[in-house]
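There is one chain below, alone, in structure tokens, taken in the form predicted alone.
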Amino acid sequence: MTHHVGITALGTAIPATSLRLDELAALRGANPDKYRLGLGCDSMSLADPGTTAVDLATTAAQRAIRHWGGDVDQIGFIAVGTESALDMSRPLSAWVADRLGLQGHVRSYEVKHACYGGTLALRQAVEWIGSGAARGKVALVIAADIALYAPEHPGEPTQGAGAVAMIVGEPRVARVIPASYPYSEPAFDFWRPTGEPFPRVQGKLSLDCYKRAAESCFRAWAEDSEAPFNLEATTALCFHVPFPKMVKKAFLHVGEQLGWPEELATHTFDTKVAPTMTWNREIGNSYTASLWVSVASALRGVDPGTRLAAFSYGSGCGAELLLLEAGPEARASAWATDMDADLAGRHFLDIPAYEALRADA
């Protein structure tokens, strides 16, 4: 079994429509600082009624394939992690594969575990290649979601949408270390019953589950005497980002529980965690894609061998801490050009336009 498996190429995609949180604050009669400082969010990506998770997933996949330079005939595996399924039986991967012209001897399926689904799909792809079952083919893994809450719901200012696609094979962009640190426990902290348009959220329970899962995963890493690298040698710590302030609360909780001095925990957050959430602050919560937006941001322009950790969390609850090592093509970071262009080209809604969009949703 080879251990040199990872991300060969990355592709990202966000909708063309956005809303500044100041506008939402004005609409809801809230202090803008409640959103910008209290949540750590600046704006949110919004899918118009004609845009689905399939559109975002396909665009991200096409970009990843372009940056990779290979042909779809070399893809033997496609898995999509999502909370935005179009059907209870037909996987989202089938819609994407149809648009890509991908068929034949291909393993194709959808992965569901709330925001953890994309990470599970990646782990399965890495293990599929590492086992030898791939027989020289690569995998296509996509995390794609549209997060939307009922108007005036407390989660409304955290809405977002986006997709990250990864060609998995040779670790040109990043090697995925075989060892990882998972954690799970059954919980109803966030869920969406069949047929309901918006999720149900137990806010305090969700934060508690997130903090407990992060503590458990980081503790397992800290106590692993055979870990390939440690916190001090890790340049960036990426997290699933429901909203940036939640990440900060969880990270400081981890530091407290693991006995780090308060100054060390705060400094580590400021230098290794906060910088990875630059794109997340602009996009909002993109569910399965959220962690991988952070990872894509953290990999921009770094030197080969740069070490990253990635904490994935999905309500229900399941989590996993992954370790990654930047490859030779991270420095060029071709995917960043796409994201920068998408961000620069956004159309920002005013209040009437946002209300009209929500009326059509």
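These numbers come from a predicted model, not from an experiment. Residues carry their position along the shown sequence, with the first being 1.
Missing here is the form predicted in complex with acetoacetyl-coenzyme A; even so, the following discussion is about that form.
task = Would you check, heavy atoms only and a 4.5 Å threshold, whether residue 315 touches acetoacetyl-coenzyme A in the predicted bound form?
result = Residue 315 belongs to the contact set for acetoacetyl-coenzyme A.
query = Can residue 38 be called a contact residue for acetoacetyl-coenzyme A in the predicted bound form at 4.5 Å between heavy atoms?
reply = Judged by the heavy-atom cut-off of 4.5 Å, residue 38 is in contact with acetoacetyl-coenzyme A in the predicted bound form.
inquiry  = Quick check on residue 242: any heavy atom within 4.5 Å of acetoacetyl-coenzyme A in the predicted bound form?
reply    = Contact check for residue 242: yes, within 4.5 Å of acetoacetyl-coenzyme A in the predicted bound form.
inquiry  = Please determine whether residue 212 contacts acetoacetyl-coenzyme A in the predicted bound form, using a 4.5 Å cut-off between heavy atoms.
reply    = No, residue 212 is distant from the partner.
message = For the three residues 155, 206 and 246, which mark the spot I'm curious about, does each lie within 4.5 Å of acetoacetyl-coenzyme A in the predicted bound form through at least one heavy atom?
response = All of them do, each having a heavy atom within 4.5 Å of the partner.
message = Give me the residue from 187, 134, 201, 150 that has a heavy atom within 4.5 Å of acetoacetyl-coenzyme A in the predicted bound form.
response = Contact with acetoacetyl-coenzyme A in the predicted bound form is made by 201 alone.
inquiry  = Just to confirm, with a 4.5 Å cut-off on non-hydrogen atoms, which of 285, 276, 93, 82 contacts acetoacetyl-coenzyme A in the predicted bound form?
reply    = Of 285, 276, 93, 82, the residue with a heavy atom within 4.5 Å of acetoacetyl-coenzyme A in the predicted bound form is 285.
query = Which among 318-326, 28-36, 44-52, 57-65 is in contact with acetoacetyl-coenzyme A in the predicted bound form, heavy atoms within 4.5 angstroms?
reply = Of the stretches listed, the one contacting the partner is 28-36.
inquiry  = Going through 89-128, which residues have a heavy atom within 4.5 Å of acetoacetyl-coenzyme A in the predicted bound form? Please give them in sequence order.
reply    = Heavy-atom contacts within 4.5 Å come from 115 alone.
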